Each structure stands twice: as structure tokens, then as C-alpha cells.
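Take a look at this single chain, the form predicted alone, given in C-alpha cells.
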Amino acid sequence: MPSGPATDRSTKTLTEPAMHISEIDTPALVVDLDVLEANIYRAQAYFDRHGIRFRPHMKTHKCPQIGRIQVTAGAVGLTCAKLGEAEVMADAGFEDLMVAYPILGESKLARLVRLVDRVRFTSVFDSPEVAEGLSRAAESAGVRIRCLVEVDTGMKRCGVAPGPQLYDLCRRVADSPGLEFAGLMTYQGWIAGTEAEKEAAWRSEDSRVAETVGHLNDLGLACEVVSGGSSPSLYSSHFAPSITENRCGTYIFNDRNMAGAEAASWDDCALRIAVTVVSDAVPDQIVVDGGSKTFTSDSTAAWPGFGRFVEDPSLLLHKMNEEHGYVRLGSESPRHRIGDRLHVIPNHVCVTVNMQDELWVHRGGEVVDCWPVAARGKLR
């Protein structure tokens, strides 16, 4: 059974009479609930069809209301980036959580063991130092911590390369008091390209993962879970059947990076940043009321600037101060007047959401709710 509070696909009405997104003060994040739900249910149907468990990453939305839709759709639980995010989700009633990040330090370990008493919790790491701290904390508290060891199969970020060092760490986890070795985690963020190129990369990835899992099985270390995935290559995941659980995150909103990777269309982008034109005093330029405190500074490989203007893609958000977005007019841009409302698809939606307190949720432009970004800023 899915973990987390039950919900249906409807949302309560926020205001009477209905409020339109054009009435929301800017800058603001507006989410098309129809598109959001379509993204969630399409991905879940894909994973169900291929027999892959889905544990979506909530760092993209940081919002319990969206997590509930994901779990209702069939997700087995949620993935979190930091312990603070997991605490927020546990407080919201979710029962199966994984933190895909090493947890280190006495204060965090004290919080972790309290969380283990409340939820089915999985910890991920790639070093004996973290394993030792987890074991000590678990034994002292009289709990068991379910663990995945991170393996590097191509990303070169975190993770131990396949080989003796990895196998020794897995054995150490299995033999440590208070710890339960449950399997491996890896990350396919490096897979990109055409559909044929992604298929070939996934098949190559599967051979490395399968060899690693087979060797661990020979050592008597069964991998109940092999966690992987990446939103840009989500719909090629079935070419790596050795990966049993997927934890994509960006797929729910999509963004300019996803469109640039040809992993989503503009119509699949559920979240837009609503901004207002506040100045047109400089020739060939307008200024909008969103700057570096609204947009992420992350770039894209496909396009210049910091986002795509839905109403006029020829506009280029090329520079930002804290509160000012400098927008260069295209050669064929219509005149955008002071007070005009524009909507921008951000380059990297995960970071953008973390800079806002709420999401304004609408269907067909009519606001149906305002959801707090409850886990924003949970860096520890």
C-alpha cells in the first residue's frame, strides 16, 4: 500500500468568488494543476507498466500536498535531499522516506534516530565514517536503520566505484550493529542525448549495475533495492531492469532544462513565474519585478538567459539584480507596457521553488488553492 495520507485528485476552493491568477501579486509561482497531475500520473503509469517501484524526489516541490498526489498515484514513498525535508514530510504524515544524502554529525544523528521511530526510514551514504556514526547512534537508541550504499556508475559526484572498496563497505554495513543493508543507490544524471543514445546508455548502465549486484549476491549480500533514475531520461528507465526503484523529481513541473534536453514539451511545464513589467525607461529593454531572489542563476546548455517568456519567447532575461530582471527586447517583440503581466518558465525549477513561500495552484487560470512550500530552506 502507498504510504502517506490519502487524497483525491480534487482540491478545495481557496476563495469565493473565484480568483484568477492575473489577480495574484507578483512575483509569484503559479502551478497548472491539470498539467501537474498529468505529469504525475503519466510517470506513475510508466513505472507501473514496467514493474519499477517509484519513490519520487520531493526536493523539486518541497510541498506535502504534491507528495500526497504522488503517493495516491502509486508512489511507494518519497525521496528527500536533506534530513530537514524528511522531518517536514514526516510531520505531514508520510510513512516511508529516504534521505539520499550522507547524514553526518551528532546533532543530525540525534534527529535521525527520532525520525526512525516515526517512519520507515532509509539512509544513503558512501563512506565507512558515515556508517560508523549511524551504527553508533542506532545501537545507542535501540533502533535499526535501513541503509543503501551509493555506487558511482558514471556521474562522478558521490558514490564508491564498483570494486573491492564498494564490496567491503557493503559488508561493513551488513555487519554493523543497528544497521540493515538494503541495497545500492546510483544516479543517472549523466545520461542525455537522443532516444537512441539514452537507450544505449541505459543498457550499458544496466550491465555495470547487474555485474555489481551479482557480485554482492555472491558475497551473500542481497540487494532488495537498487535505486536510480533521472528526470531527463525517465522514459528510458526500463532499459536498465537491474534498477528496481526510481526517484525522479523534476518531471512533476518540468522546466527549461528539461525542454532543452527534449525530455518535456513547453506544454508539460506545469510551473511558471508570474512577473510584472515595472520599467521601460531604457530603450530596447524592459525590467520585471523578479531578479536573483526570484529566478535561479542556473543556466541551460540549450539557450541563453534565465528563463523562457511564455507570451513572447523572443524576450531575453539576460541579467539580474536582487529585485530587477533585465529583459532585452527581441527584434520583433511587441511593445510590453508597464503593468503588463508575463509568465516565465525557469531554467531550473527545483531551485526556483526553494526561493518562494507558496505555490498558487489553478485550473484553467482559476485559483483553487495556495500551497505552502513547507520544506523550503531545509538545508540541514
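Note that the structure is predicted; figures quoted are calculated from it, not measured. In case it trips you up, residue 1 is the first one in the sequence shown, and so on.
What comes next is about the form predicted together with a small molecule, which does not appear here.
Using a 4.5 angstroms threshold between heavy atoms, Gly305 stays clear of the small molecule in the model of the complex. The shortest heavy atom separation between Thr250 and the small molecule in the model of the complex is within 4.5 Å. With a 4.5 Å cutoff on heavy atoms, Pro232 counts as touching the small molecule in the model of the complex. Residue contact with the small molecule in the model of the complex: Tyr187 places a heavy atom within 4.5 Å of it. Every member of the trio Lys59, Ala100 and Arg157 reaches the small molecule in the model of the complex with some non-hydrogen atom inside 4.5 Å. With the small molecule omitted here, the record of contacts in the model of the complex names 240-248 of 279-287, 125-133, 240-248, 194-202, defined by a heavy atom within 4.5 Å.
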